[in-house]
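Consider the single chain below, provided in structure tokens and representing the form predicted on its own.
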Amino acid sequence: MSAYSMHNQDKTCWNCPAIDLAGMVDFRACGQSLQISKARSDDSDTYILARCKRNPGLGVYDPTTITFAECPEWIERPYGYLLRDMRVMILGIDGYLGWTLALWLGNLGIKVSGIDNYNRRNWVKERGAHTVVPISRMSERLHAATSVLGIDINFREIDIMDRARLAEFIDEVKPEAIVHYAECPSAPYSMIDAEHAILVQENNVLGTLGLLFIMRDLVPETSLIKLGTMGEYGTPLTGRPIFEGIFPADAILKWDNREWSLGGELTPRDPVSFYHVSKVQDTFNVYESCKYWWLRSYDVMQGVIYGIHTDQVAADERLRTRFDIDEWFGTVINRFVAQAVIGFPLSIYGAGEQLRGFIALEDAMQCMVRLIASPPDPGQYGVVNQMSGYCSIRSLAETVAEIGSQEFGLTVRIQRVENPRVEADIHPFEPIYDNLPKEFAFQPKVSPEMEIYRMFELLTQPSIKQRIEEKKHLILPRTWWSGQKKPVETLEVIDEVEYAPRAKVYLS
């Protein structure tokens, strides 16, 4: 095990979810967690005392003196030290990310529990679409996880809005980390009409707010890993860097011959849909809860996740995760590969020069494990911009076209269509994504070319290709941010794709 991978070896019981701080630390004000933990003295106002829920025999002790590397409860694993038999609950466990993470964590020996109400399946069905990679019913998934991988998952069908049942399950499991995927993840779905916009915001904002109160009352030491989105920030036309949620310590505001430090303040947001507005509200609710109640959380500002492969989901057809291509839930690279497979021109919106951050599914799972393994201090709201690189939408289309034509013998064209969204076609973009590599030792393992190739291998299978053909009429958008109800029109078809130079992808 390399020292580099043990990014959390120097963290202490102060960070451990097994700590019991009740009545032993004076949570007097916000934002003091780091200062108090480092300002140990004989003064009772700053000296920390705690108990260990896993080892009551320690009695009352100073939790800053035992590191993860020294504690027998923390075991070396591939992505850092992990608590022995750590209990992790996934909200939204039936989804694209939730199911994949459940198998990934279970394979590491983590005790996985989860909830879902199957909203994602129902929302896709509402559009008349289906996942082009067939997925099993949850009962079959759970059975396959046990029989094929030896993973037992404690699942309950629960809606996150049902706070009573959610609280009962959380109190039963006492999770040591909660991964929150139980939100509607679609910008277009939130822009259909008033009913859909309200549904998305109620589910996402109020569901998360209810969860925070449950955590305060039942599991205050549990770490929350909350899925945000890079779309919260927008793409500022000023070209200023997109920092990781919070301005760095040396950020300065200058105005009217005066200057102020911005260090530690939340960075500006410019959400690009009502879905993204719900994520911004989540940010403030989580941030304030850490301040008020000393909860601990990571906000994962996620770039576009693409791909279909992990070793676990590839182990058996019954373990596959979903793969959507419709206009509401199909994300861009996944959609491009599916279009290429059936000869449907890859559709880029407007000029296609929009810049976005991306990360492969397998790399995203690695990131989540590293965050779970390294809980924040009590009261700390941490942020990571989760991506492995960024590039233009047009460059991605060219990369998909090149691999599809040269490796699989497909005839791939690209088309520019009207952009139904309200966004700049051409804009600066300088995302900062240093926290994952610098603090959590994350290193991308999967290149865009590798994952796109693996997608082609799966999607060109005759049965799956047929499922794409059946729903190809749902690929082009009809949902306009303006409220219009009409299909987009083609602006240009690019029959000959230039493959040199290689599409520009900026990797960390």
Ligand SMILES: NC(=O)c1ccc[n+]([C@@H]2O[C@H](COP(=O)([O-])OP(=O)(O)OC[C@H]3O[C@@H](n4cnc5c(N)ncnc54)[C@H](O)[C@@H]3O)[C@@H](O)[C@H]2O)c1
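What you see is a predicted model, and the numbers here were worked out from it, not measured in a lab. Start at 1 with the first residue shown and count on from there.
Only in words, not in the display: the form predicted in complex with this ligand, which the text now covers.
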Revision key, fill the gap. Counting only non-hydrogen atoms, the one stretch of 227 to 235, 265 to 273, 396 to 404, 67 to 75 within 4.5 angstroms of this ligand in the predicted bound form is 227 to 235
Study note, to complete from the structure: With the partner omitted here, the residue among D363, D326, E221, D116 that in the predicted bound form has a heavy atom within 4.5 Å of this ligand is D116
Revision key, fill the gap. Only hit among E423, D377, D159, E288 for heavy atom within 4.5 Å of this ligand in the predicted bound form is D159
Review point. Does this ligand come within 4.5 Å of any heavy atom of I414 in the predicted bound form?
Key: no
Practice item. Check whether R120 has any heavy atom within 4.5 Å of a heavy atom of this ligand in the predicted bound form, and answer yes or no. Key: yes
Check your understanding: With the cut-off set at 4.5 Å between non-hydrogen atoms, does A145 touch this ligand in the predicted bound form?
Key -> no
Exercise for review: Consider D94 of the chain shown here, and say whether it contacts this ligand in the predicted bound form, taking contact as heavy atoms within 4.5 Å.
Suggested key: yes
Practice item. Answer yes or no: in the predicted bound form, does this ligand come within 4.5 Å of a heavy atom in every one of Y181, K279 and I305? Key: yes
